[in-house]
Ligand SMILES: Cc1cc2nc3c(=O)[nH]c(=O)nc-3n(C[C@H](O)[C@H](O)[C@H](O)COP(=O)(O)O)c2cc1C
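Only one chain is shown below, in structure tokens, and it's the form predicted on its own.
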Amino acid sequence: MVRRAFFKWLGLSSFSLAVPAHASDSKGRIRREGYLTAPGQPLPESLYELERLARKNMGEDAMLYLNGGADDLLTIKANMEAYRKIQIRARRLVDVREISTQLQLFDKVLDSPILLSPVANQRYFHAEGEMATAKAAKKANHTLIASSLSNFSITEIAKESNADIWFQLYPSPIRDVAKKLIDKAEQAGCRVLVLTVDSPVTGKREKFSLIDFGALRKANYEGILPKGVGILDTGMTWDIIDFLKKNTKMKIVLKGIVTHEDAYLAYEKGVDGIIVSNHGGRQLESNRATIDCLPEIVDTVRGKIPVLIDGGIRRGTDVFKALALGASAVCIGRPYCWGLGAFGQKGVEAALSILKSELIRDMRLAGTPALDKITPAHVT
């Protein structure tokens, strides 16, 4: 039933870039996978409105997969609710006519501290999938972390979008597979390799366990993953850092660190950065929010390497709070996919615009004209 609904949503089309993302009706309105918007109609003002439109457009099955997680979804809820417990201490009489959201990360100046997290199987949300996401990231001048489980290959995504792309890696138990994926990413121009370390197995996802993604390409693994071999490695240890260092010139970032013990080991192993992440609550039902994990990790690395964070960010104030608690930048996943599902590339652009404009407004209201002015003293 789920697969039938999925193919009906895709219009029974093939999986090619020629799949039309929208068509006009007799009144000149634009039909975007079933949702009608009049020309010139303003896009939603909040990420929650994008979520509502995505649900209407994508259908319940796709939304269940996107918003779902492990067990009783307690960790997903914790990720969001923890931000609500943090208060902002706003300063007054500060000149905030000019606001800068620029930062330097891995020897490159970025226009925004908001990056796009790796999300697999984006063609389940929109026919153009990761291609639309990457083009939106390029147009909005944001950095995209492309999943190794993208439905388009990293080569295709980089060539078509010319975006600033990092590559997320599931190495598989066969290191030759990892080496070939790394080579693809380097050849595509990726400058950062993000190794996911929180997934030796997948979490128990009762709400969407029946969804079959067999019809969607695993483009990066085509021709290199032996039959019967999975992408997850239950035997992966800290030794993989040495393997990565020998096989890539890209910066190495570990995604999934949630304790000061592992942050210390990561630094000792010489990684270039950390993403504090619990996989959006989709793996272990820890009931521990990433923003609650952040301080101990920041205290451990003491600014020697960048610390990013994802999970539960829905407002500009959430971005502000994460930066105040020591994050170098933040990553979002579900919010930009809501935009993708609602309006394709334009929806992703809208999600990024909404969050960045909220952050700028909040920086003005809090008396912080630049990111480096946001300090722990601004939250309690």
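The first residue of the sequence shown is number 1, and the count goes up from there. Being a predicted model, the structure only gives us computed values, none of them experimental.
Beyond what is shown, the protein has a form predicted together with this ligand; the following relates to that form.
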With the partner left out of view, is H142 within 4.5 angstroms of this ligand in the model of the complex by any non-hydrogen atom? no
Within 4.5 Å, heavy atoms only: does K346 come near this ligand in the model of the complex? no
Determine whether any heavy atom of R334 comes within 4.5 Å of a heavy atom of this ligand in the model of the complex, and answer yes or no. yes
Check whether T196 has any heavy atom within 4.5 Å of a heavy atom of this ligand in the model of the complex, and answer yes or no. yes
Among the candidates P113, G273, G280, G129, the residue which, in the model of the complex, approaches this ligand to within 4.5 Å (heavy atoms): G280
In the model of the complex, which of the listed residues (S147, S161, S172, N151) lies with a heavy atom within 4.5 Å of this ligand? S147
Looking at heavy atoms inside 4.5 Å, which stretch does this ligand contact in the model of the complex, given the options 131-139, 296-304, 90-98, 113-121? 113-121
Let me know which residues along 52-82 have a heavy atom within 4.5 Å of this ligand in the model of the complex, or say none if there are none. Y65, L66
